[in-house]
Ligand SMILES: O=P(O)(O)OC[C@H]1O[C@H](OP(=O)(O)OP(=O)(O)O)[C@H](O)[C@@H]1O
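The chain below stands alone and is given as structure tokens, in the form predicted alone.
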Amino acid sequence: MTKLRIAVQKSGRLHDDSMKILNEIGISIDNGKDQLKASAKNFPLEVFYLRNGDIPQYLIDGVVDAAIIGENVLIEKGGAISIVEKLGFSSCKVSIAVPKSAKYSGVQDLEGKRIATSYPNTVKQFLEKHNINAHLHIINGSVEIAPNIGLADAIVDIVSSGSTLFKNGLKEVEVLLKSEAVLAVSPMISAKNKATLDKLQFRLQSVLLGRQSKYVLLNAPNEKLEEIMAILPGMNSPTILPLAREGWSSLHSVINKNDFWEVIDGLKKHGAEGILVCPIENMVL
């Protein structure tokens, strides 16, 4: 039986988040210690554990059908590989940083400067866009040390919290791109495996939508239902059930988690009581 071949990072935060979401969509991976390939028990899927930087070439060559990979790596090395789903985790930025003592007023200050980076293609595109001539030093490893040892005037690297820059006496001055984990597909994928990938993507979309949403239950006086329904539209409209308490109803709905506190304030303003908010594991539209 043909199995969908999907690559994930072999270790690190992206690996952990990738395996977590595969587990959340009901895929059980039978993976022993230090295995580089493992099969799912309950889905036609093989997982390849690879170095993040190697995954784009595996996609291009059709060695794997799909991958969960950082968008920044795909932009740097992936060429025209298609992204079919943004996954909302492992967020980071690819940024330019300079020593804290350096004066920086804009990209023109990079003219003629030495820039150390592990992302030469991304940096070249940025410099060309702004008509800046600079000298690139390609480094695989601890890029942050380059200014301190006199190798470079600036660096371009991944920034998450910014703590590594701070520890090395650097400050972020430009963001080249924002990145998150994505589901990417090989141009060589077969029609049969594309159908399996579509099923996988459907499950992912259900989990991602659930992560973005909250389920809300509340009690409200009937005379306030119109105002409250305007705040709680739900996917189509709220579910309304009569309560034993005369003149009152129970409303059930779904809200975006980013609007949570604003919605709660509005509900309380219009007389809602007993508000219960629950996480949603999956949401199928």
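In case it trips you up, residue 1 is the first one in the sequence shown, and so on. Quantities reported herein were computed from a predicted structural model and do not represent experimental measurements.
Just so you know, the form predicted in complex with the named molecule exists too; it's not on screen, but the next bit is about it.
In plain terms, the part of the chain that comes close to the named molecule in the predicted bound form, with a heavy atom within 4.5 Å, is 155 to 163 out of 190 to 198, 126 to 134, 108 to 116, 155 to 163. By the criterion of a heavy atom within 4.5 Å, N148 is excluded from the residues contacting the named molecule in the predicted bound form. Interface residue remark: K20 is not counted as part of the site for the named molecule in the predicted bound form, having no heavy atom within 4.5 Å.
At the 4.5 Å threshold, heavy atoms of K269 stay clear of the named molecule in the predicted bound form, well away from it. The shortest heavy atom separation between S142 and the named molecule in the predicted bound form is within 4.5 Å.
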